[in-house]
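Only one chain is included here, represented as structure tokens and corresponding to the form predicted on its own.
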């Protein structure tokens, strides 16, 4: 019972903090910690946020990239409170055209993904679905990132965790694994950070 109480306290603390500071969700503190440690976002960046609802990651990104930065978010439905200046694309990440995400932009400097499957409680199934979402996010990142760009993607620990992180390592100058303090300790979620995208065919951009 003590462990359950600890989780509730942790959840309440970050939830209350987000509400007090005007953020749409407690998940903002995961990105804040990752960015503080790994410097994935910079002023003026063009940012794509996959699975962006309810919008707290876009809120945080706006604070870092400033008014000169460009924000694009994708989710299955419209946001109730989209951050100012963000272009929200409604669609399915599995089928969305990359051209629709880019719009008039030639490339993104950062691709973020906090996507997670609708969990079933069946560990192996949830892991497999997370891996599919992560692979798709990474595919979009490798298609849309400018040379030297950065990537952050959520991935549940499972059978393909090592394989997928090695793919990131092979495509970026540096790969790190992050477990933010605001993630519940029993959660199998991890965040894979790729910095310095190695574009294979720069002529595409």
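In this text, all values refer to a predicted model and were calculated from it rather than measured experimentally. Residue numbers count along the first chain shown, from 1.
Only in words, not in the display: the form predicted together with a small molecule, which the text now covers.
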Among the candidates 168, 70, 41, 27, the residue which, in the model of the complex, approaches the small molecule to within 4.5 Å (heavy atoms):
27
Heavy atom within 4.5 Å of the small molecule in the model of the complex - the one residue of 138, 53, 64, 34 that qualifies:
53
Would residue 76 sit within 4.5 Å of the small molecule in the model of the complex, counting heavy atoms only?
yes
How about residue 105: is it within 4.5 Å of the small molecule in the model of the complex, going by heavy atoms?
no
Please check if residue 151 has a heavy atom lying within 4.5 Å of any heavy atom of the small molecule in the model of the complex.
no
Under a 4.5 Å heavy atom criterion, is residue 92 part of the interface with the small molecule in the model of the complex?
yes
Stretch from 174 to 182, 159 to 167, 44 to 52, 142 to 150 whose residues place a heavy atom within 4.5 Å of the small molecule in the model of the complex
44 to 52
